[in-house]
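As structure tokens, one chain now follows by itself in the form predicted on its own.
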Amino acid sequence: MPTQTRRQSFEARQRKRANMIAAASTFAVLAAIVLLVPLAPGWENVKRSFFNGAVFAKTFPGLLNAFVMDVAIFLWCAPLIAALGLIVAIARDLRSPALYPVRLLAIAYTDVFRGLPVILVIYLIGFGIPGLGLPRPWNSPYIWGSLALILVYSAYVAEVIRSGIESIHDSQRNAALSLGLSGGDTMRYVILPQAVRRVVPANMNLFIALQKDVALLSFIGPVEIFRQAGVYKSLMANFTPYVGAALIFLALTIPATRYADYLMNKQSKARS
């Protein structure tokens, strides 16, 4: 078994010391919260309104059922966002002068939908298009709310993918062209595989945000977890259902966030 060098031993001691300090400080903060918050004058009212065990047990199964709709909306939006984002990113990278109008349209698309708040786009599309008097099912808020999310998030995904494309050095593009590959084949076989691999962690963070923003569709009608929590709050005059909804979101987003961080750290170590 190889022995550690003096430098490695020193770094190991420093890591151990840092971990002990971090654990102690974390314990101190948690202990302060646990001990001091219940001493606040209004704690009993807050506890009764937000942390009511009986209300939580009664509403949690219904919230889980409503969350299925959130997941369903996410599942049909995510692949469409990925596809549209990829198309827009490629359009923004077009270098032929004849295709400049397509590139200009892609630039305008990303500028507009990255510049608008998600909730505003949801309102404009979710209320505006059904207002045209379309027959069912084309007046469904599920369709137009999903479209609003797709348009907004595709703009962000496109910019992330474009940053990955631009991170590939031009020498690789030139080498591929010199070997006889066409511009399309160069993008397909040389540029995109590397670019997409580099931006996976960043796009994962966007899709985590998408899962949370699905709740915004409740403002135009779909009964998903946020709206269901609001219904329970009105029926029981208690805010505990919102806490239950928050816990369900956290149970999904925290593991996904940690996995995205793992991918980013793995990518950073591979580059160093």
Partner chain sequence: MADLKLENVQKAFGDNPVIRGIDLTITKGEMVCLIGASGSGKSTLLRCMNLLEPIDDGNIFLDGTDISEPGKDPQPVRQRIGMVFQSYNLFPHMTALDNAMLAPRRILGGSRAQLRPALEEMFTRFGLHDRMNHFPDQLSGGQQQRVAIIRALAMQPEIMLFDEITSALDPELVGEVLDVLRDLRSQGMTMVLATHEMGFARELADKVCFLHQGRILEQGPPDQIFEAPNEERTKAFLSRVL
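Residue numbers count along the first chain shown, from 1. Not measured: the values here are computed from a predicted model.
Another form, the form predicted in complex with the partner chain, is not on view; read the next lines as being about it.
From the list 124-132, 185-193, 103-111, 155-163, the contact stretch for the partner chain in the model of the complex under a 4.5 Å heavy atom rule is 185-193. Proximity of Leu179 to the partner chain in the model of the complex falls within the 4.5 Å heavy atom cutoff. Contact between Val200 and the partner chain in the model of the complex is not found at the 4.5 Å heavy atom cutoff.
Contact between Val118 and the partner chain in the model of the complex is not found at the 4.5 Å heavy atom cutoff. Although the partner is absent here, Gln172 sits close enough that one of its heavy atoms falls within 4.5 Å of the partner chain in the model of the complex.
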